[in-house]
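The chain below stands alone and is given as structure tokens, in the form predicted on its own.
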Amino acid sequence: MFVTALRPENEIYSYLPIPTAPSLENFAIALQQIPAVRMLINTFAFALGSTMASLLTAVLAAYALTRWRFFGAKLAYAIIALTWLVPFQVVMIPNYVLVSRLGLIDTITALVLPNMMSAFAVMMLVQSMRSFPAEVVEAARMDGASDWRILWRVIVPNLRAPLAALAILLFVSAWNEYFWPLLLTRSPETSVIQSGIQMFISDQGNRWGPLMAVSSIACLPVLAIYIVLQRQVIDSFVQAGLR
């Protein structure tokens, strides 16, 4: 992808692994024809908002399901797990009608709203909190700590690794979302980078050079976030394997 983005137009289909005359022309064309920077900002806001909201709701739901004893807890968990099996395309139209009646069409808020809760995130954190030592929670409770303080001062700081891994998965999932932003946005200035990539595909032919240039730009933020959180992600997978 990066190599093709650096190829001039007359070498796009070359079999050579390295372009003979590397050029940034495709990046310049892509930035001129679509508002790529604005789309990246929109995509980042959408992905970050969805990730933070999903993490918050998942932490609260997982704590309630694992530390509180109430009637219907198992049924509530089963219903949440079942919603994970429902494809997003099934609820896409009802969600569209809802955000349309709220007057949120063509806004970042409309993109984030249906993604504020993730069944996968709840299930993953429920498993992590179930394996958290109950003695530590009881000791904090005996010291007079409330549920709110136990959650944010005791449990969450010790779940940094699974939270970081989950955050990356949620962020990448939202970053790669295509159909939902395509349904809601009306102009390139309010759209996301995935829609921008699609603009170089047409019935007259695909413009592979600018397409690969935009795709390369779209990969960089996700790659940077993974590098920053790489240690926590590896720790999370190692701990999951040890269990």
Partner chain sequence: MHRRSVLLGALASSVAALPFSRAMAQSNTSIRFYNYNLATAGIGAEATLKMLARFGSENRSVTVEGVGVPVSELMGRVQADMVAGMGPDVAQLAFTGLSYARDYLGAVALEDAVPAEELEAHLAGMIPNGARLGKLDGKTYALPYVFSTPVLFYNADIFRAAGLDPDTPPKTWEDVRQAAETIQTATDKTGLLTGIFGTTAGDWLYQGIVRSAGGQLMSDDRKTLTFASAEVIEGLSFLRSVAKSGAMQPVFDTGAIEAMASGSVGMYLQTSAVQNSLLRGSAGKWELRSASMPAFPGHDPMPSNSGSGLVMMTRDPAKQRAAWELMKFLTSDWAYTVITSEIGYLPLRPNAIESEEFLAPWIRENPLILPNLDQLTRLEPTVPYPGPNYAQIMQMVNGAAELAVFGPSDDVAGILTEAQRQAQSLMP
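Residue numbers count along the first chain shown, from 1. What you are looking at is a predicted structure, and each value in this text was computed from that prediction instead of being measured.
What comes next is about the form predicted in complex with the partner chain, which does not appear here.
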Contacting member of 52, 28, 182, 41, with respect to the partner chain in the predicted bound form [4.5 Å, heavy atom]: 182
Segment that reaches the partner chain in the predicted bound form - one of 213-221, 41-49, 196-204, 62-70, heavy atoms within 4.5 Å: 196-204
The partner chain in the predicted bound form: contacted by all of 2, 23 and 86, heavy atom 4.5 Å: no
Could you tell me if residue 120 has a non-hydrogen atom within 4.5 Å of the partner chain in the predicted bound form? no
Given that the partner is absent here, does residue 33 sit within 4.5 Å of the partner chain in the predicted bound form, heavy atoms only? yes
Would you classify residue 96 as touching the partner chain in the predicted bound form, given a 4.5 Å non-hydrogen atom cut-off? yes
How about residue 105 - does it come within 4.5 Å of the partner chain in the predicted bound form, if we only consider non-hydrogen atoms? yes
Looking at the partner chain in the predicted bound form, which residues in 1-40 have at least one heavy atom within 4.5 Å of it? 9, 10, 11, 13, 33, 34
